[in-house]
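Given as structure tokens, the chain that follows is alone and in the form predicted on its own.
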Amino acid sequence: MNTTPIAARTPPKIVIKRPWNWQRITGLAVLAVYALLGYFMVRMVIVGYDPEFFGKYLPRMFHGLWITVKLVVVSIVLGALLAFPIALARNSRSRVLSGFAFCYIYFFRGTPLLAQVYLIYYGAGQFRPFLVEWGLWGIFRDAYFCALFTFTLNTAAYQAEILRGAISSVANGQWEAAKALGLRPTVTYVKIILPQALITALRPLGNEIIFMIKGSAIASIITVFDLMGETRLAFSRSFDFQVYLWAACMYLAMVEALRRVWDRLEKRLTRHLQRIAD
């Protein structure tokens, strides 16, 4: 039997387990990856530095980077303009509109982007008389515009599905409250439903842009001299593997820059919301 007075007993130690700071761990992992890539880049530049090689191909790669940025930005913007009516049609009560939107989204989300590029680029020639008659052949015979058209249709399908899900996630009570206030359906949609839906869709839309940045490399298959196209050309002439490492770093820099901008945008738009820590 323990005869030690209760007051003299040592109180038990309470161990509080602090949750892991995953955001900090992720940041350290990203820094480690950048440090490793930087080491290999510096090592390759020091060991295999060739002024003639870099002077000849690096400006061309930066030009290809600019083509990639234009291709992605324009296709994302045009796709967003096309995605909004498709999302509305998908949520429509009309079976015709809803069925058409469903088939469009199902096709472009269910088939490879490379196959879609081939269908547009090589298939447009089958309709040349029709395209010449309507004055569109000058567009479809150009590889850049074929890639832009395909990327726009593809990202419109993904963005439409994201918007459809975000709009459907808004509680029905928002509609009922707006109706009780006497607001018209159009005003309710624009002023109440869409702002909430866009906040919900912000993160998936950022992922879609990242997907398009990486998927834009497919354009080089149809002779578009974007970043990957210039990289393939430089490698075919020099057989120097460094060009692919430089291209990978450029793609990584674009994705990282977009990620940081998107994080800032998300924090700015959701500053009125209180996040509950897990």
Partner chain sequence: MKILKLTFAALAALVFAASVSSADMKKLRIGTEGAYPPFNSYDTDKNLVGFDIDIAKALCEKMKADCEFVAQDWDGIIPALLANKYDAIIASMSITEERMKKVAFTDKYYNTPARFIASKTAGIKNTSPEGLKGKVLAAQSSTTHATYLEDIYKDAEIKLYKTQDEANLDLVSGRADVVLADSIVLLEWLKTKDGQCCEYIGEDVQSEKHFGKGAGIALRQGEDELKGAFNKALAEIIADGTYKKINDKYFPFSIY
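Numbering follows the first chain given and starts at 1. Here, rigid core means the biggest group of C-alpha atoms that superpose within 1.5 Å across both forms. Just so you know, these numbers come straight off a predicted model, no measurement behind them.
What follows is about the form predicted together with the partner chain, which we do not show.
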- Query: Leu252: heavy atom within 4.5 Å of the partner chain in the model of the complex?
  - Reply: no
- Task: Verify the contact flag for Tyr121: yes if a non-hydrogen atom of it lies within 4.5 Å of a non-hydrogen atom of the partner chain in the model of the complex, no if not.
- Result: yes
- Message: Would you classify Lys214 as touching the partner chain in the model of the complex, given a 4.5 Å non-hydrogen atom cut-off?
- Response: no
- Task: State yes or no: in the model of the complex, is some non-hydrogen atom of Phe225 no more than 4.5 angstroms from a non-hydrogen atom of the partner chain?
- Result: yes
- Message: If the criterion is a non-hydrogen atom within 4.5 angstroms, does every one of Phe140, Arg232 and Ser238 touch the partner chain in the model of the complex?
- Response: yes
- Partner-facing stretch of 163-171, 180-188, 202-210, 126-134, counted where any non-hydrogen atom is within 4.5 angstroms of the partner chain in the model of the complex: 126-134
- Query: Taking the partner chain in the model of the complex as the reference, which of Leu71, Cys146, Ala197, Ala101 has a non-hydrogen atom within 4.5 Å?
  - Reply: Cys146
- Which residue among Leu245, Ile67, Ile221, Leu37 has a heavy atom within 4.5 angstroms of the partner chain in the model of the complex? Ile221
- Item | Per-residue C-alpha change between this form and the one not shown, Ala29, threshold 2 Å, rigid core fit | yes
